[in-house]
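Okay, here we've got a single chain as C-alpha cells, the form predicted alone, with questions on binding and movement later.
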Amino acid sequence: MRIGIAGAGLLGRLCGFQLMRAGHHVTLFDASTSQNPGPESIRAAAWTAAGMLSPIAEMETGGDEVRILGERSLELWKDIDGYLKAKRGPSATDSGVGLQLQDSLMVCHGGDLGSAQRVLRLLAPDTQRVTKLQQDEAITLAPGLKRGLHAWQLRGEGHLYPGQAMQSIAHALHDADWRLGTAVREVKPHTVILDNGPERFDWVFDTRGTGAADELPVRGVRGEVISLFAPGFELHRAVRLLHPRWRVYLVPRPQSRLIIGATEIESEDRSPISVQSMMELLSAAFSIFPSLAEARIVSTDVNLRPATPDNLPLIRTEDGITRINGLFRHGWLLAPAVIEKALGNAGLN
C-alpha cells in the first residue's frame, strides 16, 4: 500500500520504519528542511529528550497504562536496535539506538522521604524489580553519588540516545519518499493536504504532535534540558531524583556528556531556558552528585511535548486515516508500543 505520514518526528519515523518492514511504500512529510535539524530550528520534541526508558518509575504520572505500554516498548526497542545494527553491518556496533537496559536508579534526600511516599507506595509491590539499596551498593552503581541519600535500583529500566536513534531510523528509511520542508495543512482520510493542494494515499497517518492541535485535543507542555561535559564523571545508568517540586533526572551520554532534565511547565513558550529552571536543574543535580561542580555547560534546549487532557496517548483510527498523538513526557518510552497498537488497529502490521 501507499502510505502518507504527516510528521517525521519519532512517531512518524517509527511508523514509517515499521510500515516499510511490512512491505508498504512510505512518504513522509515534515516542515523541517533536514532529517537532522539543529537545536536552533523548531524540531520534533523527540530531539529534546533524555531518552529514559522507565516504565516502573513513570507509573507516577501515567499509571498502569504507561507501564504496560512501556514494558512492551522495551521488548520492541531490543528488536529495533538489533535490526538497525544488522542493517549497518557487523562493524557498526554503535549504529542502533544506543540502547542500555540494565537498570536505573532512583534517589531521595532524607528530608524528602515523606513527600516521596506516594511514588514509593506505587513501586513497593514490585519486589522483583525494585530494590532498596544500601549506601555502598548505590555508590558502586553510581560513583560520586552523595552519601546519605536513600536509593533504589529499578531493574530492567534503562535509556537510549535520542539523536543517534533518530538518525539511525532515518537511515533505515532511505528508500522512503522524504518530503522535507513541506508543511502539512490538514490530514483527512486518504489525504494529506499541502499548500499546493491534496495528495492521495491508500492510508494516511497524522503524527504531527502539537502541529495537529487544530484537529485534536492536544496542548504543548514545555520541557527544558541541559547538556554537560563532565570528563572523569563516571555514570552508566539513568538516575532520577525524587523531590517534592522537581522531576529531575540525569542520563549519561557518550564522550563524557550528561543530560539533566526536564522541567515540566504548562506553557507553549519556546523561548530559551529560564534562569530559574537552569538554577533548579543544576542545583538538583549538584545536590546528589557534588563532583559535577567542575562540569561544563555545553548547551541547553527547549521544546514542547504534545499532551492530551489526561496525559495519555491518543490513537484514533477511521477508514483511511490513523491519528497518533499525546505521548507527553513518555515519547521514547511509549512510541514503539503505541505504533504497534496503531498499526494493528489499521490492519497494517
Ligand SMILES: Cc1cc2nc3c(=O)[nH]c(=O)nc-3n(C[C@H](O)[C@H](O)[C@H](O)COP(=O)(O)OP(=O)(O)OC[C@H]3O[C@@H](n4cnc5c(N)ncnc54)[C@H](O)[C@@H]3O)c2cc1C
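As the structure is a computational prediction, the values presented were derived from the model and not from experiment. When you see a residue number, it is the position in the sequence shown, counting from 1.
Below, we turn to the form predicted together with this ligand, even though it does not appear here.
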Among 40-48, 62-70, 284-292, 308-316, the stretch whose residues bring a heavy atom within 4.5 Å of this ligand in the predicted bound form is 40-48
Are any of the heavy atoms in Y249 no more than 4.5 Å from a heavy atom of this ligand in the predicted bound form? yes
request  = Report whether the minimum heavy atom distance between A262 and this ligand in the predicted bound form is within 4.5 Å.
outcome  = yes
### Task
Report whether the minimum heavy atom distance between G220 and this ligand in the predicted bound form is within 4.5 Å.
no
Report whether the minimum heavy atom distance between D81 and this ligand in the predicted bound form is within 4.5 Å.
no
None of V184, L154, L99, A176 but one has a heavy atom within 4.5 Å of this ligand in the predicted bound form; the exception is V184
Of the residues spanning 320-349, the ones with some heavy atom within 4.5 Å of this ligand in the predicted bound form are L327, F328, R329, H330, G331, W332, L333
